[in-house]
Each structure stands twice: as structure tokens, then as C-alpha cells.
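The chain below stands alone and is given as C-alpha cells, in the form predicted on its own.
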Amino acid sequence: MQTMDKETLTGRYAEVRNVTMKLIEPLEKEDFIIQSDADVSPPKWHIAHTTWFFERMILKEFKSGYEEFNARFDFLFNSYYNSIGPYQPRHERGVLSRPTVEEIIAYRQYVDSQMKDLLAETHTPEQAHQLGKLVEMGLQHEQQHQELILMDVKYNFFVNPLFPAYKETQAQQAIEPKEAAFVEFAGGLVEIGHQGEGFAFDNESPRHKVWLEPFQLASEPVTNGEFLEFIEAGGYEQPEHWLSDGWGVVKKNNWKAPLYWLKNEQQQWEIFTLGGVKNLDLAEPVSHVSFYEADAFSRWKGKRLPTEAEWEHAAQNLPIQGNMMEQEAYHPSTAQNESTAPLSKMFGDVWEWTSSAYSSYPGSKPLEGALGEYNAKFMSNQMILRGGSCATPASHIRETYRNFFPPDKRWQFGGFRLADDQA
């Protein structure tokens, strides 16, 4: 990976770090500590952990004579790096009333100042290259946590019976739902995976050959209106559509609809968003569904989910544009991409579930040291999603990006599009 020059890297560092602070501006102090589920982290923890990453992975390794802001933060804000040492259990991050929000902001400012000094220093070409790679890794990591902040705040606000809004958003212009067409792909021996310049995580490479049978991919993600048909047809009550494990999850949790769907007093469907409760827009891409729900709907329609290789092959050479974090809608949109490509909304709006389990590519090797725990250790019991969402920074996504979640998780902005074999 070609690293940025000193000035560019310093500018990008400031830009990404400032975005995180902008995202927490709408929050009150009481919001910073809430952890309403074991999967959800308090906003305070996110802004501290992303700072800890730069301190632990870069400053302590590269800056001569560096003094930690608070040595005890190494335990509090390590996420899961066992090679570094013990850490606060994930499900107990919300019990920490101290350090205060003010202390954590001061921690960020201290580390930012130290990072600015480090980036201004003169380094050997080898040191500059290694430092540049680690800083970019830290910034990409922070962008992941920017999306997590929005996901987690949304869930924390949803469990509040007042259904507070994180930020008021503009109402979308209602449009008539349209049925997706299917785009055919010849398949054959294709290549997927990252190669060349630009950042990518270790799980995206090496680029390698994959054989694809001829397939079809829906031109649009599945919409709320289409998923409502599944609900009204009794889809959540018919075990024949579901994987066995998925059916068990549905019964255990009494799922009747996607996460954040609500029925009002008139028994009409509404949806909770980061802008508050809204009427359900049938033309929007369905969001906050698990892999199990996406798979069950696909079977009900007589279709299937695409493999991640099919999805990436179809997405190659498409412009990376769409409804992402920068649009500040923080919700899937009915607006169409400006591109004339036959596939719409491949990037942004919703992460798209695939039928592929998360595993390493042929010849892939984890990074050395603690960063080897970043991706590779999670290659079990997870499914792949592609394409980014309305909460993903635009500079963070690419066609080779592999997101992954357990198949029962719904609090991420997860949706899907249908695929099928060619007749």
C-alpha cells in the first residue's frame, strides 16, 4: 500500500477525528454512558477506544519518551486484544460512570496533540512507511466506530419509551415502490479481492480466482413493501422458509417484523429512525433484518441470497456513490443513484447480506502482532455483508470490503437483494 505524504496524512487524521466529535454533538451527557444490550457500547467508550488505539498501537511504539495520559485506560479501553492484556468485559462497558466525558475528551485532545507532534517529526523512509500504514489503519478503524456510534445510539434510544430523536432529518419525498428487475451475469472464472494501491484490510486479499456459474442479481435491494408482503403472508409463522437455527431464534425472540418496526394505535406500521418515529415508507430498502430473515424471505420468493463472490463480481467497476454517512440521512433512502448502471444502490443505504460464511481467502495471512487479532480471529459463526450503509463513511467503503456479523444480529443497517441461478 502506498502511504500518504506527511501533510496529507496529518490532514486526513484531523478530518476523521473531527467527524467523530461531530457525530456526538447531538448527544446529552446522560446519553454517553447507556449500554442497553451486550452488543451495544456506550458512545463514551467508542470515543475513548478509538483514542486508545492510536495511543497503544502508534504513540507507545513510535514516540520516544511518550507518557500515557492514564495507564489504567489500557484496561478500560482495550476492546479484545488478548495479546495486549486483560480488558473490561464488553457487556460491562456501560457500568463505567468514570472517567467522565470531560476526562475522555481531554484524553482525545492529549493524544491528538501527541499524534500531531509525531507526524511532524522526521522519520526514515522505512519508519515513515510503517507509521503511515498504522495511522491509516487507525483511521479506518475509527470510521468503523463512527458507524457503530450511530448504530448503538439508535438502539439505546429505541429501548427508551420516549423514542427520542438523535437528530432531526429531512422527510423523504414519497414515491411508488417498484419491483426490481434481474440482471444476468455470465459467470465463469473471475477474480475477486483487493490488489494494487489504496487501503484494504487484511481479510480482503489476496486477489484470487473464483468460478461462478451463470447467475442473476436483483437490480434493487428488497424494499419494506416487499418484506411487508412476507409478513402478511405469515412468513414469520411458517417454519418451511427458515433455517433450523433461524427458526429457533425467531421463536425464542418472538420476532414478528424487522427490528425498529412498530404498530401505532391504528395498527399501522411505523419505523423508529435516528430522526424519531416515522411512517413506514414501503419504497425504502428494508433494513435491520438478520441473515436468517433475509434467507427466509429469499426462500419464500423462490430465490436466494448472492454469494459474496457474485456480489463483488457484479459490483466491480461500479461508481462508489449513494446514501452514506455524509448525507446525514442516517436512514435508507428511496432516492436513486445518479449512475445509469443496471444495478442500483449497491453502495450505501443498507449492508447487503450474502450467503457466504466469513472465512479467509486462499493464501491470506493475518497481520503480525496485536493487529493480527483485528479480523482473522472472528472467522467463525459469522456471515458476510457487502456494500456499506447509510451510516458508513464514503471514504471507508470499496467493492472488496467484507463486513461480517453473526447471522442473528439485526442492530446494524443490514438489508439484502435477491439472486438466482440462470435458467
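Predicted model, so just to flag it, every value in this text is computed and none were measured. So that there is no doubt, residue numbering starts at 1 and follows the sequence shown.
The form predicted together with another copy of the chain exists for this protein as well; it is not shown, and the discussion that follows is about that form.
Partner proximity in the model of the complex, defined as non-hydrogen atoms within 4.5 angstroms of another copy of the chain, places exactly one of 45-53, 31-39, 58-66, 394-402 at the interface: 31-39.
Annotation: in the model of the complex, residues Arg72, Phe75 and Pro161 each come within 4.5 Å of another copy of the chain through at least one heavy atom. Residue Gln88 is the only one of Ser333, Gln88, Gln114, Gln321 with a heavy atom lying within 4.5 Å of another copy of the chain in the model of the complex. A heavy atom within 4.5 Å of another copy of the chain in the model of the complex is found for exactly one of Ser97, Asn253, Gln170, Thr124: Ser97. The closest heavy atom approach of Glu213 to another copy of the chain in the model of the complex falls within 4.5 Å.
Another copy of the chain is not drawn, but in the model of the complex it has no heavy atom within 4.5 Å of Leu367.
When contacts are judged by a 4.5 Å heavy atom cut-off, Tyr260 does not count as touching another copy of the chain in the model of the complex. At a distance threshold of 4.5 angstroms between non-hydrogen atoms, Asn203 is out of contact with another copy of the chain in the model of the complex. Taking a 4.5 Å heavy atom cutoff to another copy of the chain in the model of the complex, the contacting residues in 402-423 are Pro407, Asp421.
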